[in-house]
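Read the single chain below, which is given as structure tokens and is the form predicted alone.
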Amino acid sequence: MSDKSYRFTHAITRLPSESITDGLRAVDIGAPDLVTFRQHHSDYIEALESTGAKVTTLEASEAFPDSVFVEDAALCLTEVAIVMRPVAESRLGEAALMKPTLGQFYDEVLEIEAPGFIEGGDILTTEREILVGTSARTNREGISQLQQLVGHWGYTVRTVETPADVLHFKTDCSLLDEETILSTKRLSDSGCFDGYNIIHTAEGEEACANAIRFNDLVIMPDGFPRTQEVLENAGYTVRAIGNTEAAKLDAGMSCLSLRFSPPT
């Protein structure tokens, strides 16, 4: 069975900027502390590199406060990279900024065009399909364009509904392996993961649903011991990374990297 949805040779990250305090947030629970954020980000990169992957870390971009959250800017598949089109005007420049870097790894870099908009935080790639959740930041036109672009390589795109009170689809879920998804109960209750094995976050620990499977590690936010214990008991090797500052900007583990194996 293939494992290309979580085994990667490369990742791209971007250092947090001093302007990160101006980043978008659904609810203001305080500005992130830059020193702490940078330490967490360094720990995150170290975890990625510990698996043997090559991590390209881009310089901070002061012009774009949210640019540390690189996942929203692109979707990287084995065959092609696709530049996303974020809904917020302030984030459109982030996607454009990422395109030259993607061109270093891919011969073909495609783009989502207006009137579509779509962000990587709404896209969950599994072994059998690409799940895309509609949200305030991803519309059906963006999903339709993505479906047309990736269909050339045989990918199936399935549109699902993100609960109204959830920012991004992957705020509430993450891939653990070929058949297994970590999810909040409120998301899995929608039936969007029928046919998959589901591990639920512990009650009161829903905020850790956004983790990443990266090679042999499950990288999850620190501070959620019951869910971590469930994952470890299920046989996963877990690395917990501080996420308190990114969380102030509605972000989790997947937001901080683009993970891929470029064409050989």
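Just count from 1 along the sequence shown to find any residue number. Worth saying up front: this structure is predicted, and the values here are computed from it rather than measured.
There is another form of this protein, the form predicted together with a small molecule, and it is not shown here; the text below is about that form.
Across the options 232-240, 196-204, 48-56, 61-69, residues that bring heavy atoms within 4.5 Å of the small molecule in the predicted bound form belong to 61-69. With a 4.5 Å cutoff on heavy atoms, Val83 does not count as touching the small molecule in the predicted bound form; it lies far away. Interface membership of Ile12, defined by any non-hydrogen atom within 4.5 Å of the small molecule in the predicted bound form, is ruled out. Of the heavy atoms in Leu167, some are within 4.5 Å of the small molecule in the predicted bound form. Remark: Gly142 does not count among the residues lining the small molecule in the predicted bound form, judged by a heavy atom distance of 4.5 Å or less. The candidate spot formed by Leu131, Ala209 and Arg213 lies out of contact with the small molecule in the predicted bound form, as no residue has a heavy atom within 4.5 Å of it.
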